[in-house]
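Shown below, as structure tokens, is a lone chain in the form predicted on its own; questions about how it binds or moves come after it.
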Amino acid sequence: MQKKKKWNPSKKRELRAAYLFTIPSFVGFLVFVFIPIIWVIIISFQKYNVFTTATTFVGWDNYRQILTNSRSLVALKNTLWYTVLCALGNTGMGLILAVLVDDVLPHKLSVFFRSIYFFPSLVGLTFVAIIWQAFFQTDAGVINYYLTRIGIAKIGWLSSQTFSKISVLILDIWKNMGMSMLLILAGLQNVDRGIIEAAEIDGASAFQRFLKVIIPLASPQIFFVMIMNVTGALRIYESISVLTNGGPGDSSRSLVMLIAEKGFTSFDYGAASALSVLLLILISIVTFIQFVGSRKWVHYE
């Protein structure tokens, strides 16, 4: 008969302390994440009156309504567009800047430029969006002023259905690529310089060293940055709200903007909850695909 494992008093105290330290996080997750998610899922199957709190079970009607609504489909397409291009732009630019700061620029200059690239991440997004809104003005904007100076016609950055999303993309990359650079740079600084020097001695070009040595060795940090940028792009809201307010029409509106409109303008909590559940499912699917795909290119050793 197997004897029960005896715990010495010090181990019991450590275990008790560990539980005490984790309780606040667990309670916070339970109160502010888990319970609201369950509540939203329940409301998504109901017609909810926010003023009287009266509810009527409607089954899948809220989901059928948003999946057949043109505005919801446009918002979904825009969100996927932002997700792909913002994530690739932020991660790609962050990687390029990290390599420049780590390997190309002299040390004194690298510290200076690292601070410059990271500074936009410290400024509130709403304030940044207001400044860029002035830059993007068709007639009085700085960007169009310099475009006309080199012979290019003025662009309706905020009034064109095509360029409204591009203006949001430019702002998002400018704002967030510094954080991506800093996180990837932390991985690059842990790369063994002996491996890079050995590849250089073997005749590998700078591009080959970057592609075959640097990226595989820094792939865990790149993967983390990609996850962060993808989930951030799926939840994009403030920059669109300030720059274009989702317009012109719904050309730049995201799912989060539509959720806020349904919930806090139309007070249609059932539809807003259904959209929130769909967004949660979309984030879960995209994250799952990323983790499955990472097995082929992320190297932890």
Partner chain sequence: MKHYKGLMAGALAMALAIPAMAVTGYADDTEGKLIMLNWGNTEEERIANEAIARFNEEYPNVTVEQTCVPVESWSDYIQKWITMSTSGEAPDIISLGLEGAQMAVSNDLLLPLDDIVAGDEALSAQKGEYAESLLKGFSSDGVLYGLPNGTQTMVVYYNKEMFDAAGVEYPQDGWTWDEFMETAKAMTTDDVYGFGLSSSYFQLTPWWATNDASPAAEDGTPSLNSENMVEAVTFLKQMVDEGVTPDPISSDVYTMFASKQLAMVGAGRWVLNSWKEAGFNNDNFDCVQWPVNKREGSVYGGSAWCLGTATQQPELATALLKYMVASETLTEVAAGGQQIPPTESLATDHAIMGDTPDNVDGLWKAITIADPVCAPTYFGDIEQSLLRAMEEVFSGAKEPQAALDDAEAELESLIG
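Residue numbers count along the first chain shown, from 1. All figures in this text were calculated on a predicted structure; none of them were measured in a lab.
Missing here is the form predicted together with its partner chain; even so, the following discussion is about that form.
In summary, the region of this chain contacting its partner chain in the predicted complex, judged by heavy atoms within 4.5 Å and restricted to 272-280, 54-62, 26-34, 249-257, corresponds to 249-257.
Although the partner is absent from the chain shown here, L158, K262 and F267 each have a heavy atom within 4.5 Å of its partner chain in the predicted complex.
For the chain shown alone, K154 is a contact residue for its partner chain in the predicted complex, at least one non-hydrogen atom being within 4.5 angstroms. Although the partner is absent from this view, Q137 contacts its partner chain in the predicted complex, with a non-hydrogen atom inside 4.5 angstroms. In the predicted complex, its partner chain sits beyond 4.5 Å of every heavy atom of T68.
Its partner chain is not shown here, and in the predicted complex it never comes within 4.5 Å of any heavy atom of I38.
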